[in-house]
Structure formats: structure tokens, C-alpha cells
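Single chain ahead, written as C-alpha cells, the form predicted on its own.
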């Protein structure tokens, strides 16, 4: 008989593991679903497709409890909300934040309200938010409209905002940088990631900076940010009033952490670029088919940015160690996953029929 001690995880979530490094209230137990501790997956075949002269690792955040990196920030934000005596939380979302807020609010016994753009949220994300019991309100507008509304709501109703305006969110999200350094023993040469509301790039830079200041790493990585061409306000240098892209997670026209992202890019001697939906979809398929890592489309924007930089000659990765952040699981957006792929072949239950359609040699 297996003892109860062997059935309990030794990992207790990012707040418990990194609590001395997190500037949140420590007076209450963490509200956790055991998020974090996500794998750093070597991707040699994908690296070869991108030029083959560098080491590529994928930080696979899709295995967090609700399927995205948002759980890191949400465990901290909801823990802080509970410590502050909150009874309800609210957020605007393109999908991942909605699911994460709903799950952690349910875990804490709080009411949760989420605003989403009507018809502009992937099915897997909407299903999560609804299943966790949140009040989901669709608006005839985009994420930026929703964020304006929830900010105003918190000024007029007893409800706590848990978008990444909330500083506790960044405290949780910076733990991913800690994990990368803990796993490698050093920071990578480059960190590449999608940029939507710009909280994640800001949080990673915060994490690397804190580790450097404490002498745990010798240097910080350069940052490569990727935006979708139809939702690239930081690249363009102005707000995009009606952002459009298949990568719904980064369909944001006026990022909250815009200036912090620019500061991080500048301090890291990094770069931000935009990529087309066609490029995103190409690398979205490639990461699944070359490495067996199924991600949501936004994740592939960072791979598309690497390909673009190498093609145009402004990104030299020779001999470098590169980490790409895969921010969400592919099941978040099943419609995109199935779009453009052949339907399964239907055959009779006979071996001859099977042999006739086999595509192996």
C-alpha cells in the first residue's frame, strides 16, 4: 500500500516556492493550483528548421493548471485579494486571463466577473471561464474597451481588478524567469516571447534583473518580442484602434505595460518585431509537428520572429542559447488547430482497407 505521503506533490506552487522573492501579502496561505515548475524542453529539430546553429529550448507554460502562463500571476493576485478581504474579482480578457481568474477565484471561494470581446475569444478559453463558474459578459468591443470598463467598475463597485495592472500579477509571472535560471544555472542568451498586453515581457525582465542583482546569474538575456502584424502597437509606435489577428491572446491595441516593455527591450539591447498571421500559422504547425509541443497560435509568433530576424539578417543566434516562451496550450484554440487540416479518413474495419490508406513506407 502506498503511503499518503507519496501521493502529495513536493511542489507547492510558485507563491510557496518563491515567496521570499514576491512582494505580496504573506499573511494568508497561497491560493494555488500547483502552477509553475513547467518544463524547459530542448527543441533541436525546430532549431534546425530555424537555421540549426543555436540551442533552442521551449518554456512550455501550456501545462499550467488552466493551460497558460496566466496562472503564475493569478495565484499571486488572488492570494493578495484574499489577504485584502476581497469578495469578488473582475478582469477583461482575450481568453487566458478569463479562464485563469475564474479558476483561482473558484479555488478561493470568490465571485468572478470577466469581460470578453463578443465572438473574439477562442472556444477553449471561453469554455474554461464558464466551467469555473465566472460570470462571463461579452461586449461589442475589443479588449481595450473591456479593460477601460473594468477599471471604471472597480472605482464604483466593491470588486478587485486582476488584470496585469494589478502589481501582484507581475510578481507571480516573474517566477518563470527564476525557473529558467534555476534549470539552466544561468540566464539564456536570448528570451523570445509574444507581446500582447506586455505584462509578461515586463515580468520576465523583472525576474532576470532581481536574480542578477542578487548574484544568482552573471548576465541577463537579450529580449526578442513578437507582435502580430494586425495588432502591433509597440512596433508601430501608436495605438491600434481595431486590432486583428488569428493569435487571439495578443489581439491587443493599447498594451497596459507598453512603457515597461520598451524599457525592458532597451535595457536588454533587444528587439521587437511584427509577424503576419501566415507566418504565425506556419510555425504553429511546425512546433507541433517537429517537437510534439502543441501550443496556441500566439506562442508561435516568437518563432516567426526568429525566422524573420534571421531571414532579414538582423538576428545573429550562432552559438547562442535561446529560450522561447510557449505561453499557452494548443487546446485553448481547437478551431484554429483543426482549420486547414485534412479530416480523418473513414474506412471499413478491415485490414486490407487499412493497408490501402497507410502513408508509411
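Positions refer to the first chain, counted from 1. Please read all numbers here as calculations on a predicted model, not as lab measurements.
Just so it is clear, the following notes concern the form predicted in complex with a small molecule, a form of the same protein that is not shown.
Taking the partner from the other structure, the small molecule in the model of the complex has a heavy atom within 4.5 Å of a heavy atom of residue 199. Contact between residue 333 and the small molecule in the model of the complex is not found at the 4.5 Å heavy atom cutoff.
For the chain shown alone, residue 296 is a contact residue for the small molecule in the model of the complex, at least one non-hydrogen atom being within 4.5 angstroms. Though the partner is left out of this view, residue 328 does reach within 4.5 Å of the small molecule in the model of the complex, counting heavy atoms only.
The stretch in contact with the small molecule in the model of the complex, judged by heavy atoms within 4.5 Å, is 88-96, chosen from 134-142, 154-162, 88-96, 235-243. The contact with the small molecule in the model of the complex, taken as any heavy atom within 4.5 Å, belongs to 249 out of 105, 228, 249, 81.
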